[in-house]
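Here we start with a single chain on its own, the form predicted on its own, put down as structure tokens.
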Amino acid sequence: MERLKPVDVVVIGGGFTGLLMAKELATRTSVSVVVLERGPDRQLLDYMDDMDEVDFSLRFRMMQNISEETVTHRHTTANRAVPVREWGHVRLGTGTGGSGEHWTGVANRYPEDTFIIKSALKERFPASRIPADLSVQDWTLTWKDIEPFYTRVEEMMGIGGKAGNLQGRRIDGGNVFEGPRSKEYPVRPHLQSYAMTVFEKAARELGYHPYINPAATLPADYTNPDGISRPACQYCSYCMLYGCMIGAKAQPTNLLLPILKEKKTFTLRNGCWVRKIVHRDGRAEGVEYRDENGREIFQPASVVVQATFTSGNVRSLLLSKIGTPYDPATGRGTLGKNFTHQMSGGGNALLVYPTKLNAFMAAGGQGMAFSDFDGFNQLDPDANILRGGTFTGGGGGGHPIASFGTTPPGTSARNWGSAWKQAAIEHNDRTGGGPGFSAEHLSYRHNFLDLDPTYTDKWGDPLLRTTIDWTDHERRMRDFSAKISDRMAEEMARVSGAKIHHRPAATTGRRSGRYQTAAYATTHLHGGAIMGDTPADGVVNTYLQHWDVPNLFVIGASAFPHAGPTNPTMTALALTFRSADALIERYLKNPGKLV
């Protein structure tokens, strides 16, 4: 094995959190920083002339090669896990920027009480209402602790939106249910499409409080505090699963790499497959990896930052034998505990509008939402659920292939043939559904991560095994969301003159039964290396420093004790800023445990 020259900090993973940590270190200190990224190099020029829908949307060009590494899944410990053989429930990015290159750009903060979820549930409900196998816990921090870091992320990205709670003052047109924010968004919200105006009018008619989604796809030209200038979005709709061809979408290659490339203390190495973190006597010594030619290499470092995707973070710690694996039977151990996947739902309605929607002209994150049912807001006692979620709709982004072929029930007996083709052409760009729903996925004792005893990756290392299933609580949440979504769809039809059809549940993508890996939900996985107030209830402390190995920091959504109701990107980056401050301002000056 080749041993390289030691560096001060090695970062595993060149995605959003890893490159943000590297940027903070490289611009605020003189330490040497090496980022190891498994996938290929990516940059803006790669996206400027290549928006092939078949290649990106169907063949998943920007995703991890599932033939080299995947995960296995089972519903319960009584089942045998089997490998996920094609991208279904999640889509994990690879290459410089990771999933931060192909994300949609929805840029929500979590609700204020998310961070004290266990305390909030205890205060709200009697013990008899809280499931015995619920394993939620408070996050080690509060809204007051994280809010300044949300602001830093929004200013770095140039998030477009409108405040709904500015320093405690409620403002119509923004999310009036959000936690109090210290500053207004740095950029105005996106322009409204016709579908957004229909959504807004219907929501107001029903007494809800709609707002334009906050988005990381710039509604106007913007220069951030680091001096990075980006142009306004051109509404091409190629955001989800694509890198932005002009740089309007906030992504690591246009926000962070331009700064890092100017720093002589920074090095990015692509094609590096990290296999384990080497440690001894409670201290990380570096990482072992294979380069693109298959050579075994050891990179010594004084500090290691584990910054891959949620599943990658947990698998790396398990393979490295750092921490105590979680045992659901006894509740002992923390590594792999509290695995969650954001819950989604909605109704079965299909609207056929009397006019074309021009849905092909859109921006990632563009759309409307209302948070009247977030958290404990307006929970129907008959629904028997503990938390609600956010309703969204009115967005566009229909690509030519993916958007073609939606027709009302009964239009054609088959989804092929001349009659179907004619109906598809007639209804093309005129259809839409009721609001979608995203909600908190509370953590349960039986949902966890560990190493699979049977299946391995291309190097012979065990795959990560996911044990997860929906409970009756998630199924009741979907039923609850369906009623509201269908009510909204009826009102949208009334205010727009659209015809409403109700599709069979099986055709809408709503999963009312078991957890599935075949149908896409979101790429929002959380937990497994959660933050805790003590080593007994967390893998990392409040600064994302590993409890057992103080010179190891594990950053990203793997630290979330449960899943919030919306996209986790802003929260993951806010926690990264907070962790970077602690590493730079405290640990590097006095190495040891941060308390």
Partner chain sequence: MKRREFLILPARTLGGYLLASTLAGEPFLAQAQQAKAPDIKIPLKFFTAPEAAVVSAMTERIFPTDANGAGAREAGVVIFIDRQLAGPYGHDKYRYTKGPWVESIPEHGYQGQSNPRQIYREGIIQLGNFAALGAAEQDQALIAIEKTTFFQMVRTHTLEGMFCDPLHGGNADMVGWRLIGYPGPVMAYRHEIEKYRGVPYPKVEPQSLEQLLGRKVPAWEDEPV
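Positions refer to the first chain, counted from 1. Remember, predicted model here, so these are calculated numbers, not experimental data.
The following text describes the form predicted in complex with the partner chain, which does not appear among the structures shown.
- When the partner chain is considered in the model of the complex, only one residue from Arg80, Arg295, Arg169, Lys264 comes within 4.5 Å through any heavy atom, namely Arg80.
- Between the partner chain and the residues Glu123, Glu86, Asp472, Asp382, the one pair within 4.5 Å by heavy atoms in the model of the complex involves Glu86.
- Per the 4.5 Å heavy atom criterion, the partner chain in the model of the complex is contacted by stretch 189-197, the sole one of 189-197, 317-325, 489-497, 334-342.
- The partner chain in the model of the complex is approached by Lys458, whose closest heavy atom lies within 4.5 angstroms of it.
- The partner chain is not drawn, but in the model of the complex it has a heavy atom within 4.5 Å of Asn65.
- Within 4.5 Å of any heavy atom of the partner chain in the model of the complex lies no heavy atom of Asp41.
- The partner chain in the model of the complex is approached by Arg59, whose closest heavy atom lies within 4.5 angstroms of it.
- The putative spot formed by Lys23, Phe376 and Thr392 is not touched by the partner chain in the model of the complex; no residue has a non-hydrogen atom within 4.5 angstroms of it.
- Along 516-550, these residues reach a heavy atom to within 4.5 Å of the partner chain in the model of the complex: Gln516, Thr517, Ala518.
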